[in-house]
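Next up: just one chain, as C-alpha cells, the form predicted alone.
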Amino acid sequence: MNIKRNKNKMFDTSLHLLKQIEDHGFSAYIVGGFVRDLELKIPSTDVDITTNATPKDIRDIFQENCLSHSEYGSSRVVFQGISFEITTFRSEGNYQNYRRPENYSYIDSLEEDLKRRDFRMNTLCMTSKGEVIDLLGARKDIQNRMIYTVGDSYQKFSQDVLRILRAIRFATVLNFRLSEDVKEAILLNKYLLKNLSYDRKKSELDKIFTSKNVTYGVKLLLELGLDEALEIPNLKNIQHFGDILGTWALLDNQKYPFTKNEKEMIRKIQEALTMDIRDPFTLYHYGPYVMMVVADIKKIPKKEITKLYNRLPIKSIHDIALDGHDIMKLLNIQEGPLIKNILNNLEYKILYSELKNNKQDLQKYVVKHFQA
C-alpha cells in the first residue's frame, strides 16, 4: 500500500537516499517514527534509515559525506544537504547498565532487526518507492492508537529502562493508550529508573511537559507511580503546565540539570511567585518573561500584566535620564557605592511616580538630598 507522498524536501530526499543505497546492491528502508507519523498525517522531520549495508559499505557509498559511525552500527551521512542516521540490520546480545547491548552482530533480515526495537508502532518501514511494509502489526496499533512493545514488555523495559519514559512520551504526544501489559511491565520495572541519568530523564520529561497533551501525560506518570521513581514528588500538586521553566520552578527539584541561565530564571520565577506581580518594582525587577510565566501560573490575564509593564516609566537602570557620570559631576564626587545607592533611589522614585524621569527634575532631587 502506498502512502500519499508528502511533498517536502525531507521525504523526497529520503527516498533518493534509499535508492542510492539500493543502486549499490543493498536493501534500505525508512523505519520508525517518520513512517508512523505519515500514517497519522502529522508532520515529522526525523528520518531513520535501516539497511543491510554495513558501516563500511556506507562509507564506500557516500565517502566524504559519511561523517561518522558509532559503536552500535549507526552511520551519520549528509545527503543532498540533509543529515541522516543509517543503521545496519543487527541482532543484540544481553544489555548492560539497563541501557545498551553488550554486543551485537550484523544480520541480513529486516524482520529480525525490527524485533529488537521498542514499540510495534515504530516498526513500520517504507521502500524507495513509497511502499509501506508492516511485518509486526504496527498499522493495527496505530489505527487503534495503542502502544505495545515488540515482544515481551517486561524484557523490553528491563533491557532499556529509558523505554519506560519513551512509552509515556509517545502516549502523551500522540494521544495513544498504553496496553495493559505495557502498564504492568512499567510498574514492575520503574524502580530501575534510578539507573538512568538525570539528563536522560529530563530530556523525556521536557517533551512530556511541553506537549499540548501534558495533562494526560502527567496523569499517566502519577497513575504508574513514576513521580516517586523519578524523584519529582511535587508533580501531584501541580495543576498548571505552561512554560517549561515555570513547570520546573513549581517542581522545585534540585537534582535535574539546568544551565546557569535556566537556574537563574527558575530562581526568579520562584521568588516572583511569592510577590505581587502587579507592583511596579516587581514588574521592573523581574522583567516581562518571568512576569508572563508567573501570571500564567497565577491565572492573572497576561494582557493586564503586559499593559502594566508597558506603562512603566523606565524598563532598566539605563533608561534613567541621569547616569553615574552626571551624578559624579553634579556632586563633585568620585566613583563609589554612593553612586549606586543614588541610582537605586532614583529608580524607586521614578517607578512609583514620585519623580519624573527628566534630567532637570532628577538633578534638583539629587542636589537637595545627596549634596554634602
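The first residue of the shown sequence is 1; numbering continues from there. Keep in mind the model is a prediction, meaning the values are calculated, not measured.
There is also a form predicted in complex with a small molecule; it is not shown, and the following applies to it.
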> 164-172, 187-195, 243-251, 137-145: which one contacts the small molecule in the predicted complex at 4.5 Å, heavy atom to heavy atom?
Replying inline: 164-172
> With the partner absent here, would 285, 287 and 347 each sit within 4.5 Å of the small molecule in the predicted complex, counting heavy atoms only?
Replying inline: no
> With the cut-off set at 4.5 Å between non-hydrogen atoms, does residue 46 touch the small molecule in the predicted complex?
Replying inline: yes
> Does residue 122 reach the small molecule in the predicted complex, with heavy atoms at most 4.5 Å apart?
Replying inline: yes
>> Under a 4.5 Å heavy atom criterion, is residue 37 part of the interface with the small molecule in the predicted complex?
In response: yes
>> When the contact criterion is heavy atoms within 4.5 Å, does residue 160 count as touching the small molecule in the predicted complex?
In response: yes
> in the predicted complex, which of the listed residues (177, 183, 268, 117) lies with a heavy atom within 4.5 Å of the small molecule?
Replying inline: 117
